[in-house]
Structures are given as C-alpha cells and as structure tokens.
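Form predicted on its own, single chain, as structure tokens, below.
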Amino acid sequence: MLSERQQLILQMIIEDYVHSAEPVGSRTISKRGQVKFSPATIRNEMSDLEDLGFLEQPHTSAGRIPSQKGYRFYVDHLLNPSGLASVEVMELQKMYVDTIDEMERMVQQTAQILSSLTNYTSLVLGPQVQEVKLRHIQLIPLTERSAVAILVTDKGHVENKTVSVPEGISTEEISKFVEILNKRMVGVPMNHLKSRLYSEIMSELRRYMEHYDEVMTLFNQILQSGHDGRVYLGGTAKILNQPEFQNIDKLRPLLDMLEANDTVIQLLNQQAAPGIQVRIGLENEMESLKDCSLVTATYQINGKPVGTIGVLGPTRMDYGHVISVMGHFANRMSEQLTRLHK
C-alpha cells in the first residue's frame, strides 16, 4: 500500500497530467499549495512510484506520467467524483424537460449532450425493451424492387427503413404478406417477432405465398433494423483533439472499431453491470482500446437494465468529472424512460 505522501503525489501528478497532457516534474508538484515537501523529497517519491509501476518516465523527460496501474489505483482509492457545474445540471434538466416524446430521440440527444459535457466520445446502446410490442406494420412500394417498411410500436415509436424487394414478388403478394402480419403479429413483443413468425405463421405463409422463400428474405430485412440494440455515437471527431491520437496508425484501429456497430454493441454489453464501470487501457479486451479508458453505466426501465451509456477517451481522462456526469445521465434516463414506458 502506498504511503499518504505517495498517494498525494500520485493524485497531483494524475490531475495535472489530465489537464496538461505534459509530463509532470517535481517542481510543478512542489508549487501546489497543499504540498509541504521539498522538490528533492518529491523526486525521491516519484522515483519510488516509478519503481512500483504507478508512474512512467517518457523518453528522457525529467517529468513523469501516470501508468495504467497508476490510473487504476487513482480510480479505486483516490477519486472523489466532482459535482456538476450549475450550467451542466441545467443542460441535463433541459434535455429531459424539452419535447422528448419518444425513446429514440432521447437516446440520440443523450449521445450528443454526453459528449458535449465530457469533451470525449460517447457511446449509447439504445434500449432493448422486451415489453415494447408491435402495433402496426406497413410496406410501401417505392419502385419495382424497393419499398419502405414502417413499424409502429404500442409506445408510439415509429421506425422505417428501405428494403429490397426480391425478384418475383408481386404487389398483391406484398399486400397479403402485410395483411397476415398485422392480423397475427399485433401485440407481439418486438424482439419475439422472428421467433413467432417461424413457430406459428410459417404454415399460413406457405399456404398463401407463391414465393415463400423470397417473402421470408424480405421479412428478415425488415427486422434488421436494430431491435437487438442500436448504437448512437456522439463526438467521434473529439478523438482527433487528443494528443495521444495524433498518430494516424494509432487512430485508425480505433475509428474502425467505432464504425463496426456489432463490435460496439458487444463492447457495451460486456460492460453491462450495475453501477459505474471503469476499464483502463489493457483492461479493455480489444487491442484498439489499449490506450483508451471506457467508463460505462446502465440505465433502466422499471428497475430492469435495458441499455448502456459510455464515454470513451484516452487513459488521461478526467475520471472524476466523467463519473459524475455518467451517474446523473443514468439516473435521469432511467426516470424518463420509465415515464415514457408507462
């Protein structure tokens, strides 16, 4: 265990480095008002902290920077999450008071505001709500080979996407297909639509559909609209502002990862645990995140976790502020989504 003096010096080095992105020397620490130690004493302690693996000395610089082990000790033992500034609290309150009349819009806004308040990239996994049920489905032809599929839920959420119409399916078959779905699928939970179709409606479709296989292909397209989880990103370009990612070879794998929707969903699902979760550097299983920290929190509907919010930044992250913002967001999202879901 570190001595109180070592803990204080480590804390000051981390907090200074978070804001400056420059190696921190003993003279910088000695000028802090609450420090009563000489630069020589601080140098000795910094050397010991380096030997213990809490600090690193980049190149030939006289200053030190925190190691991932140092950040982990800081988050686990030294961090006192800061309160939000009044302007930040007001922005959060405004977000949830304004005309937010559906879940998707609120989640989209969450991604943008979360990034704005933290100045890092945000990742939000949209709610996977088993209780949301199908109210109506519509398929509107655009051309001979394309159509717009519209799904309306019992909570008023409207989702639409353009789908390709397989060759050979007539307008009459599409109309009959939609008629069967609206007759047999209304009231079915959105995440059970596919299983219900295959278990209960296949025989009816075979009886009425000449192009059964093509109809099933069309139906699978309609359901590829994200009911297993949709990811919203905010402030992706903010990564470019971080000194750690000025090297394009280091940046490219990270951007590639963020563009892979399934990968991000998997990443956020791995973090779906109660409370605030912090993974630093190599604690993240993905190689592209070895120089990053990911802070996540789950949000709930009626006490049941349904989605995850996250902030992604360099290991030189302002953990106290990010954790405070995440706590507020998770609580307010849970309250608002529960209200919308009634």
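One-based numbering along the sequence shown. Computed from a predicted model, the values in this text were never measured in an experiment.
A second form of this protein, the form predicted in complex with the DNA, is not displayed here; the remarks below concern that form.
- Residue R43 is the only one of R43, K69, R316, K290 with a heavy atom lying within 4.5 Å of the DNA in the predicted bound form.
- The listed set M333, L10, V325, V24 contains one residue whose heavy atoms approach the DNA in the predicted bound form to within 4.5 Å, identified as V24.
- For R339, no non-hydrogen atom is located within 4.5 Å of the DNA in the predicted bound form, even though that partner is not displayed.
- Looking at P305, you'd find every heavy atom of it more than 4.5 angstroms from the DNA in the predicted bound form.
- Though the partner is left out of this view, M286 does not reach within 4.5 Å of the DNA in the predicted bound form, counting heavy atoms only.
- Contact check for A62: a heavy atom falls within 4.5 Å of the DNA in the predicted bound form.
- Annotated contact segment (heavy atom within 4.5 Å of the DNA in the predicted bound form): 31-39, selected among 269-277, 31-39, 307-315, 293-301.
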